[in-house]
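Presented below, as structure tokens, is a lone chain in the form predicted alone.
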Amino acid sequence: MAALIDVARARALVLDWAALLPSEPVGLADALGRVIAEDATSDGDLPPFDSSAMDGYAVSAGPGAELPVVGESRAGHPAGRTLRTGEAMVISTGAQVPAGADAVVPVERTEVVDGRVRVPDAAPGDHVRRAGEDVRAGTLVIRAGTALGPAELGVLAALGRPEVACGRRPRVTVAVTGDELVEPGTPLAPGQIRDSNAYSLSAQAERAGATVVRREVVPDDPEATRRALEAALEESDVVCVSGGVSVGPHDHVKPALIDIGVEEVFWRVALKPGKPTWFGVLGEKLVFGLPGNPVSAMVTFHLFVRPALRRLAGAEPLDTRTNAVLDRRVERQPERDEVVRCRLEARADGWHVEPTKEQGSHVLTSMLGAGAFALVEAGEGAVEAGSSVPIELLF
């Protein structure tokens, strides 16, 4: 049996096989969380004209004076004439500064007397937002590979982009294997358990930016397993199978994948939980055989599948790894690195982590409240409280 592969090498192999999917046009209203597939540059200045930063009066810079008020410039309704020296014009925040004016005096610093306004000294540029002060025409504003959040969408709208080219969302099938699995809400017969993996893994896929096109429970039967995997590969970019990837008499996933023609890239990772993780490819389609234990499935999805989904969609690498102080002693595993589900707390000296509860791979509630995975390297003894450990943030 082949030696175990380490986590870093396994992740690198996955990313090597994750090929960028084609892009597609997406309207801004539907682009939240999508990954922009093209550099976004500004066709013009932003803001496009000199505008007022205050409600007040547009004037020509100079010493204080009492000036006639000759008109108004409102947001969206510029003044219809040029301001001459010795005149003032009412102006609102965001309104275009009229030609001939180069300063704005806030209304609270003025006094109106008999239809004229008394203004103090004003210097050129006072309370004026210059055209191009935010972005100059031709500037690269958002790079390809950026995940679009509220700020990015707002900037694209300000640049006049009604739609943007985005990487296509990866299509994912989540299949869980096991005769013992039943849907939530179904009464349990002897030996049965409720399926949780299909729901947790699908949620992880969607949070990573994918579209789940199929979610199903597959019985422990060779022919049923093969049919399910063939259908999944037909309609998906990524197939995630939970369970059935070990070497037991009822583990049919690996033989079925090999029979279909999926090429094995690696099997068995030096990781607890997650040792039996399998990864293979069929053309540009990626297949992940994840363990059946609920925590193992979620951990290996985060470590291996999530980066692949981001790469497929064109996202720039997102490194959520850092270090934290471990607040409780953790025993090392002699042969495998261990992912410890931890509560996360920010303190004055940085991040602190503490295991959520018992860490068995079947203890699904150990994921509740987990803000980070702590990676405890294999070895003898323990990592003592107060030690620095590498963590992966679960944001």
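In this text the structure is predicted, and so the values were computed from the model without any measurement. The numbering used is simple: start at 1 and walk along the sequence shown.
Form predicted in complex with a small molecule: not shown, discussed below.
For residue 308, no non-hydrogen atom is located within 4.5 Å of the small molecule in the predicted bound form, even though that partner is not displayed.
At a distance threshold of 4.5 angstroms between non-hydrogen atoms, residue 89 is out of contact with the small molecule in the predicted bound form. Interface membership of residue 193, defined by any non-hydrogen atom within 4.5 Å of the small molecule in the predicted bound form, is confirmed. Looking at residue 142, you'd find every heavy atom of it more than 4.5 angstroms from the small molecule in the predicted bound form.
Partner contacts here mean any heavy atom within 4.5 Å of the small molecule in the predicted bound form, and among 69 to 77, 180 to 188, 149 to 157, 311 to 319 they occur only in 180 to 188. With the partner omitted here, the residue from 294, 273, 289, 170 that has a non-hydrogen atom within 4.5 angstroms of the small molecule in the predicted bound form is 294. Note on contacts: among 236, 197, 277, 225, the single residue with a heavy atom within 4.5 Å of the small molecule in the predicted bound form is 197.
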